[in-house]
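One chain comes next, on its own, written out as structure tokens in the form predicted alone.
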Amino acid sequence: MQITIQRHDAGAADARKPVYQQIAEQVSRAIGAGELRAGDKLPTIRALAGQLGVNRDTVALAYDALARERLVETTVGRGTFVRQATPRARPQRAAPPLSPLVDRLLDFERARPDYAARDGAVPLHSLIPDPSLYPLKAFRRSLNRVLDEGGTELLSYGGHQGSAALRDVIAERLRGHDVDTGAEQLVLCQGASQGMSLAMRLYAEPGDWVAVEEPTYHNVLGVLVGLGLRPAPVPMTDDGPDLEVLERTLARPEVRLFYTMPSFHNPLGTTTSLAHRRALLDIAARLGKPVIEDGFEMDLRYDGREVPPLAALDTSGVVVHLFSFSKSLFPGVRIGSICARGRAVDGLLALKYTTDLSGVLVLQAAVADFVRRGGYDRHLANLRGRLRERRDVLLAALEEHMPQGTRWTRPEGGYQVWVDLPEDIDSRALLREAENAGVMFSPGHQFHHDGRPSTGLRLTTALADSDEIRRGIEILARLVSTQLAARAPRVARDTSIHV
């Protein structure tokens, strides 16, 4: 059985289908044609993923889809086999159509890069923290301790506001950043991503517009699509979002709120000044528009002076602040918080209750114990040191190897660096060559609301160690130099940031 995968940018009709669906359909056709017969064993998930150059989860999804169609069955310890054919009780009918909103969301997801590089590729695209830096042993002690002390109570439903102990711990840390808050003003959520969705639903409904930075975090663009909201882009300057454009945008009645990342911006890595933050808040307060401040990496500063978050400077109650442990501890705990005031807290609680009832109490209690006993701060000290080292290696490698005309940002914290390529090189086209050469990055088009071609790209220091970073930049520089020599096709220059 031969399986051929069409990538999203290949231009073929199948390229618009998710990769797992392409795999499932080709296996299904092989069964229908008799190429695969009842009792035949399919390749293992690991083997087929390696053969196709895709993630194992992608193959697992394909096998799950085939199992739902009763074409295959999986036996633990033996593998996945083609089932005996059984007559259908009734003719197969077309599946019910999905809502237009879901169809648009599927289109958005299909436009994401499909990272299918070979083993050993340098992962300069990932924002998943390096598992080798996870404080596993210390966290296990906290987990065992709270289970011993809390028993079965921690395995039941909790209040939809979340663990009081963890809210106390987070409130104390926010007060350390000069945010005047208490546990009663916090709602725990499944990371900043759920917080983002809840906060937007708090102020906007389908058809409304949301002001976003351009470029911005690509997942927030997905949230907008999923909620039926429309992005109103505000271009970025050296010191953050263009305030004149922001004021004109927020003055529009259909624009209901503004989403921003003032510290360690994703994808740019930049941090706005105190003066810029005060001016931004003045605009929002005068126009009566809420601001969602995403502080997803606020604990990851390793250079420069601390700048108070917007929530610490807010005297008008317009800021809803998001915090997450996903990047600073590990993503698997799925714990973040939303800090708000007054009726906004009540609204968030009502929205959260209709979404998932409550979080995972045992993990919330373990994180609270881990932070309270100093394990989190010890972990942060180690993590910040590693990130500073990797940032320095990345910037030095860019300086040494990238051709003249390349520009990049110089972050003071977090994981991401934004690179602007010379001579109008399209970073999406470059990615295809880079994957084949053994390096991955995030092309700039996915951070723009309209997905337009971009000369920008995001590099991260989350997964790659210093040696991998040096090797990855050498590969990237060689590819860019080759394209410059060949005079690559021109695209519109990405002018969202000047470095």
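Numbering starts at 1 and runs along the sequence shown. In this text, the rigid core denotes the largest set of C-alpha atoms whose superposition between the two forms falls within 1.5 Å. Please read these numbers as outputs of a predicted model, since none were measured by experiment.
Another form, the form predicted in complex with another copy of the chain, is not on view; read the next lines as being about it.
Highlighted residues P97, L136 and G342: every one comes within 4.5 Å of another copy of the chain in the predicted bound form, counting any heavy atom. The partner is absent here; in the predicted bound form, the one residue of E35, D467, D40, D64 having a heavy atom within 4.5 Å of another copy of the chain is D64. Only one of R83, R378, R278, R373 comes within 4.5 Å of another copy of the chain in the predicted bound form through a heavy atom, and that residue is R83.
Look at 233-241, 391-399, 299-307, 175-183: in the predicted bound form, residues with non-hydrogen atoms within 4.5 angstroms of another copy of the chain sit in 175-183. For the chain shown alone, S316 is a contact residue for another copy of the chain in the predicted bound form, at least one non-hydrogen atom being within 4.5 angstroms. Looking at S358, you'd find a heavy atom of it within 4.5 angstroms of another copy of the chain in the predicted bound form.
Within this chain, D148 lines the site of another copy of the chain in the predicted bound form, having a heavy atom no more than 4.5 Å away. Shown alone here, R286 lies within 4.5 Å of another copy of the chain in the predicted bound form, counting heavy atoms only. The partner is not shown here, but in the predicted bound form the stretch 151-171 reaches within 4.5 angstroms of another copy of the chain through a heavy atom at G151, T152, E153, L155, S156, Y157, Q161, D168. If you fit the rigid core between the shown form and the other one, you'll see the Cα of Y63 move by 2 angstroms or more.
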